[in-house]
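Have a look below at one chain only, the form predicted alone, in structure tokens format.
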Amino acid sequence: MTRVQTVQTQPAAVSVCGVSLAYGTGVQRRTILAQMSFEVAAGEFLCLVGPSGCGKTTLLRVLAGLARPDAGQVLVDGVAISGPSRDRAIVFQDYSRALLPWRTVAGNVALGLEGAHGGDAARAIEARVAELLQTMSLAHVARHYPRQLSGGMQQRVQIARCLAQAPRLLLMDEPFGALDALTRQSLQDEVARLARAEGKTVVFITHDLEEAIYLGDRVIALAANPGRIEAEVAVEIPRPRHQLETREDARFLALRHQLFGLLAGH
């Protein structure tokens, strides 16, 4: 495995320790993840890239507490994960299935808050929903239903719903893969801004090497069969980043060539 400039200066928010996981039985048993170990610093934006079948989504499910590894463990703030938690929120790629069609935009965002407030719950939820809708530029469609929104707006609703939980760890599974290029770039910038403004720790899965470099503080490249870490690369490009200027930066192009070369053989 290749490791390039991976020194961490902050305490680990997430520690993945020797995680392995396989599905199936007998001759059909297949190892999805093999002895994965890495850390994510508090406030870091970590991107995971790799070919289809390398276990990216499975790894994210383990981090969310939705799947249990056969070996190893994941620690969040030093505590072993035993199941899902409000401290960890997932943004899925398929935004159309992630939203409840019978709820308005405001109602979908409120879903992330219901049950978390006591006492004057309704007023607290309403205020937080209004704040998030304003932040995500959705206030004007608060009473609309998901079917009335564009794909980009639906994904904004899903992100707002996750932020409503006030998670410490935001897990994102190719959230912009189904969007057009301009909408995708707009949401990339919005998520990067929000992550820094709110101090979120983010683990972001993507097939797109340029997206990973543009968003990430660090990129982990995975190899397949079984899923394992092939390389870790630090992205030492200043923020805030710009969709045109950053992508033309010599450092950006060098990282793209490096990651492409690492993954091309897999």
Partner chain sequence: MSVDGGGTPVLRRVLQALRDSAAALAFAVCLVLLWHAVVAARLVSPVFLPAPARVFDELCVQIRDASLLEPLAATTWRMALGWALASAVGIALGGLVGASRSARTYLSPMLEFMRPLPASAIIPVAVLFLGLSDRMSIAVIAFGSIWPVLLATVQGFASTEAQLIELASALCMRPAAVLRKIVLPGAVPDIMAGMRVSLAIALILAVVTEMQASQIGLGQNILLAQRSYRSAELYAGILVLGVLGFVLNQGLALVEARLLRWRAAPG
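Numbering follows the first chain given and starts at 1. Worth saying up front: this structure is predicted, and the values here are computed from it rather than measured.
Missing here is the form predicted in complex with the partner chain; even so, the following discussion is about that form.
Among residues of the shown chain, residue 167 is not one whose heavy atoms approach the partner chain to within 4.5 Å in the model of the complex. Contact between residue 181 and the partner chain in the model of the complex is not found at the 4.5 Å heavy atom cutoff.
The partner chain in the model of the complex is approached by residue 66, whose closest heavy atom lies within 4.5 angstroms of it. Although the partner is absent here, residue 193 sits far enough away that none of its heavy atoms falls within 4.5 Å of the partner chain in the model of the complex. Although the partner chain is omitted here, in the model of the complex all of 92, 100 and 147 have a heavy atom within 4.5 Å of it. Judged by heavy atoms within 4.5 Å of the partner chain in the model of the complex, the contact stretch among the candidates 84-92, 184-192, 70-78, 130-138 is 84-92. Just one of 241, 207, 228, 61 comes within 4.5 Å of the partner chain in the model of the complex, counting any heavy atom, and that one is 61.
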